[in-house]
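Just the one chain here, the form predicted alone, laid out as structure tokens.
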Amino acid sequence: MIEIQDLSFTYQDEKKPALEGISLSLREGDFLGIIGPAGAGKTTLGRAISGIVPHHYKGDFYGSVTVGGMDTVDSSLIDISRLVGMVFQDVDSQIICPTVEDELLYGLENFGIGRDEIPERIGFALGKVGIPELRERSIGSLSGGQRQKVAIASVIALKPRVLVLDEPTGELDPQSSRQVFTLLRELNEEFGITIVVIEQKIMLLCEFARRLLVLNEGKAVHEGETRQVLSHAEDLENIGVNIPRVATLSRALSRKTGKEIPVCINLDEAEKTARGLMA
């Protein structure tokens, strides 16, 4: 579904590359988490997958990004957006309409969705993110977390094959953050949507993402199955990535007991491991 070959990108008027030599292959239905310290290139990579780089953000672009067989450089941003939906870190930058319903309606009408299908899509998207009661509300009356959910709903309503989210839980409390990730899992498993999430809440991310990509200074440091990437705890900590505490716990238990203990990625696994050692 997504093929990235030796991608390098330097923003216009910048000297240091934001991305350098990135290669990545994602199958349809993959769920990838992108992590790394500030300035690692995470947002730029998300923009490249969605075609915003280099169509909107200009600069020196080398290598290739192909999504669903579509080269993001040779294709128009409109054509790419029919395939890839993106939720930005700054949601206010992508919300342009005065009411919640109008925001969802704007995208659907611009994508040529039939009028008989639009009400069902709006209801589906608002219901999925848990805000059907906000349908008639003005955007200006919403909290930051509510606007975040509106932005996600407006993209979900378009039913993209790939969904890229940049810090989707940044404005949300822990309960709402988990609801968003539960929604992403449902979209991934029920509809086969390929999910790419850039996220700072690494423990939550690791519970849901099946694969992780670690970036540092624009380069890929580690990539693979979530548990396998977390096994490089020392490397991750050295570049400033705070790994989940349950992974730290399993690592400490391995050192303490001298046993080969698999890396834990959620609380249930950590509890099971601890009980097994005490038995």
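For every residue, the number given is its place in the sequence shown, counted from 1. Being a predicted model, the structure only gives us computed values, none of them experimental.
One more form of this protein should be noted, the form predicted in complex with a small molecule, which is absent from this view; the next part is about it.
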Counting non-hydrogen atoms within 4.5 angstroms of the small molecule in the predicted complex, say which of Thr43, Thr226, Thr248, Thr66 makes the cut. Thr43
Among the candidates Gln89, Ser76, Asn110, Ser138, the residue which, in the predicted complex, approaches the small molecule to within 4.5 Å (heavy atoms): Gln89
Which one of these stretches, 66 to 74, 35 to 43, 22 to 30, 235 to 243, sits within 4.5 Å of the small molecule in the predicted complex when only heavy atoms are counted? 35 to 43
Residues Glu14, Arg47 and Glu167 all lining the small molecule in the predicted complex, heavy atom within 4.5 Å: yes
I'd like to know whether Gln200 contacts the small molecule in the predicted complex, with contact meaning heavy atoms within 4.5 angstroms. yes
Just to confirm, Ala18 within 4.5 Å of the small molecule in the predicted complex by heavy atoms? yes
Against the small molecule in the predicted complex, would Tyr57 count as a contact residue? Criterion: heavy atoms within 4.5 Å. yes
